[in-house]
Each structure stands twice: as structure tokens, then as C-alpha cells.
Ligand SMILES: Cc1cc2nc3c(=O)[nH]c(=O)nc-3n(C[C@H](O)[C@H](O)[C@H](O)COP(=O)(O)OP(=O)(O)OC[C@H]3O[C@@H](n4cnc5c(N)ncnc54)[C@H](O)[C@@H]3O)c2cc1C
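Here you get one chain, nothing else, as C-alpha cells; it is the form predicted alone.
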């Protein structure tokens, strides 16, 4: 089944860090999109060596309730076809994409608690998922572990900290693998955080999004601790955003 083609305009651009940009697209035709929290949209972008466009996908970082616009997170990757195209857009520009698509979305997991593990812009689908859960009256426990390199890579911290402060069942921890002097938060790789703090998977559903190394390691860790649902979304190396490979 062919995916729906959407036309949109760039409504807002925010540079969140030295190499991460948030872009909000307002839909023009059709005027609304209906998607599941965690799904992605895709762009056909120029490729420097192919004689045809390349397709690059990006997880939606906004909740499904916002039907008239979507938020995407972009990681600047020099030479990456998707990154080059989307970083070239300016506010007011027209663009188009296809979607929604993807099987990485919140599933009906009964009464299981949720563990979200992200690296880099792999945070995008979890931002959508958490917003959707809280709008739906979610009452189980949800833990988000986010691995970044250093202080210059931090963004969305106040947003997620506010969610955790307002909702006692939400827990949020960012860990830095290469912190600079002055960092008083959690340090080390996010895989180490999972290994040290997740004692049992007996009542857990796990969602992973980010680089392939993290996904492989955390999947192995979880499997060693027992059986539980593990759902994964891996980056394209040259896209600049969280997307299936």
C-alpha cells in the first residue's frame, strides 16, 4: 500500500545544540496527519552520487494529538543526503514527505512498566510516546535513559525534568559519556546505566532507539536478565535523524 504524500511548510526552526536542529512542519495538503506515537515520515532527497533521489526517514518527535503539524529532530551529518536537504530548509519553505510508517510505536503491553533507552536524536520517538502516554492517563512506571556525549550536546533537559517532576510515575536520567568539568549528573555510557539499574525485566517492556552499538548491547543485557518485549529503531548512518534501517 502506497504511503500518503503530504505537503507542508516549515513553520519553525530551532537550533538546539551545535549540530542538532528541531524543525516544525505545518501541513498544507492534506491539513492533518494521523499517526501512532513513535512512527516516522520519509523524504525523497537529492543524492550526490546516485542518479535518483534517496529516501530518508525521520521519527516524529511531537505527539499524535498535534494533527496539523509535526516536529522532527535533525542531526547535522556533513555530506548526509537527508541532513543536507533538511538543514537547507528555511522558515516558510515548502516541502513534502510521505507517511506515516513504521512498526516502532507503543504497543498494548498489559500492565508492564516501560523502559525507554535512547542515544542522540534517538530521543525523538520517545518524546512523542511520553507525551501521548501522559495525555492518555498512563499510570504505570516509565523510565527514560538518554545517552549523550558532553554538556554541549544537551537539549530538552528542562522539558523531560518537568515531566518527571509533575508525574511521579515518570523517571528521566541523562548520562554523559565524555563530560566536561563541572558536570554533576550521571556519567558513563547509557548501556552501563541500564546494566546497573535494571535488576529485573519480569514486568518490563523495552523500547530502544539510537545507534546500532547501543541497541545490540542493551538487547543482549535485557535477554540475559530474562524474557521481555524488546522493540528497536536504528539510525541511518547518513540521515541525521532517528529512523529504521
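Positions refer to the first chain, counted from 1. Please read all numbers here as calculations on a predicted model, not as lab measurements.
Below, we refer to the form predicted together with the named molecule, which is not included among the displayed structures.
Proximity of residue 225 to the named molecule in the model of the complex falls outside the 4.5 Å heavy atom cutoff. Remark: residue 201 does not count among the residues lining the named molecule in the model of the complex, judged by a heavy atom distance of 4.5 Å or less. Within this chain, residue 207 is remote from the site of the named molecule in the model of the complex, having no heavy atom within 4.5 Å.
Not displayed here, the named molecule is approached by residue 234 to within 4.5 Å at the level of heavy atoms in the model of the complex. Although the named molecule is omitted here, in the model of the complex all of 58, 77 and 81 have a heavy atom within 4.5 Å of it.
Of the residues 118, 73, 142, 133, just one reaches the named molecule in the model of the complex with a heavy atom at 4.5 Å or closer; this is 73. Heavy atoms within 4.5 Å of the named molecule in the model of the complex are found in one stretch of 81-89, 156-164, 134-142, 170-178, which is 81-89. Taking the named molecule as positioned in the model of the complex, the only residue of 8-44 that brings a heavy atom within 4.5 Å of it is 40.
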